[in-house]
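A single chain, nothing else alongside it, follows as structure tokens in the form predicted on its own.
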Amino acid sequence: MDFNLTEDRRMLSESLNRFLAEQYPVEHRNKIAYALPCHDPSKWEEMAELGVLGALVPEDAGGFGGAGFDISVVFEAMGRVLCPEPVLGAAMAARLLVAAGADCEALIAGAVKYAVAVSEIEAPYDLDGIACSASAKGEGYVLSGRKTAVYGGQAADMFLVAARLDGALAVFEVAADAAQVVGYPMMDGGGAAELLLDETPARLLKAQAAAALEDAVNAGIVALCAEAVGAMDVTLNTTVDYLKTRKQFGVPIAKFQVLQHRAVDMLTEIEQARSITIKAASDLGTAQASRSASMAKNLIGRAARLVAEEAIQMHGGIAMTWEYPTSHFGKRLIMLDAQLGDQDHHLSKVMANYAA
């Protein structure tokens, strides 16, 4: 396998990393990430103009990417600055819109912010447990049920909702102003929402959508794994820089062998995480996608926790302060595990896959 980025992806990576480094210093990120709407609308427009959203959509649907590696390039760059913009919803929505043969122009332009509503309180990760129901009414449909932890939902204009239609999973479009949306900031920055549906008007986007929903979730997992790799890279670099400057007994603590070994352990975990993310990105859209995504999410859940905890321990008290970036990277790395299935959930999926 060739691990080098294509020329187009390299250019996207360089331009996006440069843009985010300039536009999302930690002070600006923290100012907007923890209070509604948990993102910067002007920066969202600039990211769309830069082509970030177009990278999530294949060429035949109007974009210039859409593959797993395009998603990972975008989200690894976002992870490096903990960018709170609601791009995860766009990445997942793009898969559903393409599967349905729908127009992606508004998504690519950033004119419509999408969120994908899958999780429910009684079924946070498992598609088979979805209970939200759809029924025909007049010439359209109405939905009833509750969706929880809809990432990016606090800022969404349009929700793509997974619901049961005649017992099978389908995807419906629900306008944000037609439903009850309760947005809130997450503890690690960025926003989510509860979506309350009570005979809410909806438009059928795709019937018999179980495979499309699974693909969208897999794309979201690839995105989160790539974000974690970017965040872990920065966390390690910050930690090593600190070890080189912090002195104890008259010498930099980077001279202490035990701390060198712990830093190497962090690096080893990050490289394993990077490799499994490449595997998951490569398999996205294939028959192996779900297994590879679950393997990646399980490994990265463990690796991210180790990197976050080691960074905080080796920094000492300063890493617990609001002003120091490592505290925010640590929170994000820990909480990433809970999104789209934690490590225990995905370990169970891998075990079931091999048992079958």
Partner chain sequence: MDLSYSKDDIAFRDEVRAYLEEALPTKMSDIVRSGGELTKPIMEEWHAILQRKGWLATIWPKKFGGPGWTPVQRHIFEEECCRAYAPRIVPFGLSMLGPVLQKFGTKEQQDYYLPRILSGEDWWCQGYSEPGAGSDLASLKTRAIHEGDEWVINGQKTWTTLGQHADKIFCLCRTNPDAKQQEGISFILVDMKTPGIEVRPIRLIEGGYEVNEVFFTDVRVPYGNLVGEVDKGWTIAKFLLSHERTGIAGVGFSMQALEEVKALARKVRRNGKPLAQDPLFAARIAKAEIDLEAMKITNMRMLFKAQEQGAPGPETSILKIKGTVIHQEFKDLARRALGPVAAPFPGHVMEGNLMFGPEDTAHNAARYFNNRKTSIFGGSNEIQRNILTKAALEL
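Residue numbers count along the first chain shown, from 1. Remember, it's a predicted structure, so these values are computed and weren't measured experimentally.
The same protein also has a form predicted in complex with its partner chain, omitted here; what follows describes it.
Using a 4.5 angstroms heavy atom cutoff to its partner chain in the predicted complex, all of Arg246, Ile312 and Gly317 count as contacting.
Checking Leu204, Ala99, Ala123, Met158 for any heavy atom within 4.5 Å of its partner chain in the predicted complex turns up a single hit: Ala123. Taking Tyr34, Trp44, Phe69, Phe64 one by one, only a single residue has any non-hydrogen atom within 4.5 Å of its partner chain in the predicted complex, and it is Tyr34. Note that among 282 to 290, 77 to 85, 101 to 109, 140 to 148, the stretch whose heavy atoms approach its partner chain to within 4.5 Å in the predicted complex is 140 to 148. Contact check for Arg164: every heavy atom lies farther than 4.5 Å from its partner chain in the predicted complex.
Proximity of Val182 to its partner chain in the predicted complex falls within the 4.5 Å heavy atom cutoff. Mapping the unseen interface onto this chain, Met187 counts among the residues with a heavy atom inside 4.5 Å of its partner chain in the predicted complex. Though the partner is left out of this view, Gly330 does reach within 4.5 Å of its partner chain in the predicted complex, counting heavy atoms only.
Applying a 4.5 Å heavy atom cutoff to its partner chain in the predicted complex picks out Gly330, Lys331, Ile334, Met335, Asp337, Ala338, Asp342, Gln343, Asp344, Leu347, Ser348, Met351 from 328 to 354, in order along the sequence.
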